[in-house]
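Next up: just one chain, as structure tokens, the form predicted alone.
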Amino acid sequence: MNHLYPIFLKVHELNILLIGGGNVGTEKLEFLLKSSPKAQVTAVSREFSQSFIDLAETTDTVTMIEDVYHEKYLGAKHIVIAATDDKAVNRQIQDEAKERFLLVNVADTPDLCDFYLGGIVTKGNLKVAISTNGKSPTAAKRLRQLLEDVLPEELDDLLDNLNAYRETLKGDFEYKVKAMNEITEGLVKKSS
């Protein structure tokens, strides 16, 4: 059973530490920036691959530091992503981050993760997150691709229209919920 609690973080307002500048680090950075183009990321690595550098240079919110990992880099951070190719260093990062009560993701090591970076489908303001509880990132990827294909681009127009309607409603919370339920009921009714 999947006991994960899904949340949507404003990572453009949080400080993220990403350790590792190779293929896996690039994948993690790409995931962050795709979902939140203004994510505040400090990346630390002995060296950065050219693909990492190219990606980091697409925004001014990524800072690259060429250095080996040191605990000092955990200061003033909210989230830590360990993506080095050294299991001992990844474990050290996890241990030191946990001592500071920081949320940690250790690439390809579910047992050392507080959270997973799942599949995300974005259609304008609609965002759907997919989790396989760390069991199969490939399945999450395929489900993401399926949803991207079947969800229409016009969903954002629908959300804008529903928001505009909601803004016109007067009354208490209960009244607004009832009115919104009535207008959206047709979205889930199956035709007979």
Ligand SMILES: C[C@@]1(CC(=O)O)C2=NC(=C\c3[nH]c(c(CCC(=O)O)c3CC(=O)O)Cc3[nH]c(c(CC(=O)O)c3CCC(=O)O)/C=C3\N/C(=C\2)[C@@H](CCC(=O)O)[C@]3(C)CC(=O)O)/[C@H]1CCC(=O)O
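These numbers come from a predicted model, not from an experiment. All residue numbers are counted from 1 along the displayed sequence.
There is another form of this protein, the form predicted in complex with this ligand, and it is not shown here; the text below is about that form.
- Although the partner is absent here, Ser131 is a contact residue: one of its heavy atoms lies within 4.5 angstroms of this ligand in the model of the complex.
- For the chain shown alone, Arg144 is a contact residue for this ligand in the model of the complex, at least one non-hydrogen atom being within 4.5 angstroms.
- Although the partner is absent here, Asn105 is a contact residue: one of its heavy atoms lies within 4.5 angstroms of this ligand in the model of the complex.
- Taking the partner from elsewhere, Gly75 is found to have every heavy atom lying beyond 4.5 Å of this ligand in the model of the complex.
- Shown alone, this chain has one stretch from 55-63, 149-157, 24-32, 163-171 that lies within 4.5 Å of this ligand in the model of the complex by heavy atoms: 24-32.
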